[in-house]
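The data below hold one chain only, encoded as structure tokens and taken in the form predicted on its own.
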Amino acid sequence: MTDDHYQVTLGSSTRVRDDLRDVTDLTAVDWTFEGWNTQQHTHGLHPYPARMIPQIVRALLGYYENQGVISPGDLVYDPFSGSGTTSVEARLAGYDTKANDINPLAAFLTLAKARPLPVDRLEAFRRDLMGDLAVELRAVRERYAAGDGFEELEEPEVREGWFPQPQLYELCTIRDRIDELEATWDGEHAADLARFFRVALSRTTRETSYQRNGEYKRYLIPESNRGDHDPNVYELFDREVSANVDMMRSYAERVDHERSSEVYLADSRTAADVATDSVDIVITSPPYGDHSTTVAYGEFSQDPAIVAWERTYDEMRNVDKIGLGGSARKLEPLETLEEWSPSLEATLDVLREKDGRAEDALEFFTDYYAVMEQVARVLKPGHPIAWVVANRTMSRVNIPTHLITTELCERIGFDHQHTLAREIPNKKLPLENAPENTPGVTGELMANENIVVMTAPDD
């Protein structure tokens, strides 16, 4: 590692800058990127489960620029936006972006991270928001101690027992102040500015709650420890605002403000907001296909979205249910998938032999295939798609997602270019779980990913 620690070895001797624009051979890149800074610019604004690291997107964009396939000003699309890694990196490289996600928190985070803000407007909004906020929150505490009510505050639909008091009232006070500023702001960017500061409130909400630290799924800290949990909401929020403003300043100085980023709270199984043959490159990391035991995006997002973004409890509870393979999915299982993917057929056979979750796996890949079809529709003929997938397990059976992805895409007419393996050195995912919910019984999950690179059908 050199003094410039944002470097990666290509082959035995070639080195590239931290922007990875010099990549000319995808197979020579060490895709693990262990030790690299993954929180640069706005990437560090807010945590999110199973976040794709920015260097993957950066290297892919650099490679295809060098190949003359894409150039700044083209359109980059991500059908599974998550917290916006693809959109942020594409904007930094000078591209327009579009993205979909069914999770309201994901859509909001992507917009907040990808759209640059004028620094003078950012600082002005910050001054108006933070001015005498500490005094107002202290008054909330005093009112609560005196036994006064808070009839003027609309309490969010969080579940009872998940927040200390009066901290929940303090969070609502910040929420209402952002609302008022957005409604009365004199100048442009009111919605974008308010969205940006709600990110800090979202993170403060999670830190204030009784959510157990280090967990993306919803787990309460032990009741015996809750008496010691008395967070200072102002200090937490002020810290988040200061850090986020610094990150946005760094981002805004580097990004082309004339480019555009659009994010749709929408289902990529239909991708209704993305026009046919309009996209120049797709870079995405699909969900892992098991919200209940692996990555529960909705559980992670529930309280932050309800408090900071004023979403409803029912809407956020439904996020994991409507995801790929979720319990509230709408597509009927597509039995012919097994004919089109030998790897899927073999996997389902093993699951059926052991009375495993074959139906769940088939439902996930049916939904995933619908997204593949939409990607084929929106992507320009011959242009690239990169699927960043992990090979998880179901019922203790390894699911070769990279092989299934390749085979199903080839059925549609995609041309396979590369499958690039990478370790996951620091990704916050469970490496073990208890699929049978039996005490002491665990099963391995995933510690590696594959980047499946393909090109869209030519016709």
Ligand SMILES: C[S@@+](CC[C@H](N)C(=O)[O-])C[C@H]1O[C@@H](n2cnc3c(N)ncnc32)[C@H](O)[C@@H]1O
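Owing to the predicted nature of the structure, the values given are computational and were not obtained by experimental measurement. Throughout, we count residues from 1 along the sequence that is shown.
Below, we refer to the form predicted together with the ligand, which is not included among the displayed structures.
The listed set Ser341, Thr208, Ser202, Asn103 contains one residue whose heavy atoms approach the ligand in the predicted complex to within 4.5 Å, identified as Asn103. Just one of Val274, Ile281, Ile174, Leu324 comes within 4.5 Å of the ligand in the predicted complex, counting any heavy atom, and that one is Leu324. Per the 4.5 Å heavy atom criterion, the ligand in the predicted complex is contacted by stretch 82 to 90, the sole one of 82 to 90, 132 to 140, 67 to 75, 237 to 245. Taking the partner from elsewhere, Asp267 is found to have a heavy atom lying within 4.5 Å of the ligand in the predicted complex. Contact between Gln302 and the ligand in the predicted complex is not found at the 4.5 Å heavy atom cutoff. Although the partner is absent from this view, Pro286 contacts the ligand in the predicted complex, with a non-hydrogen atom inside 4.5 angstroms.
Looking at Leu420, you'd find every heavy atom of it more than 4.5 angstroms from the ligand in the predicted complex.
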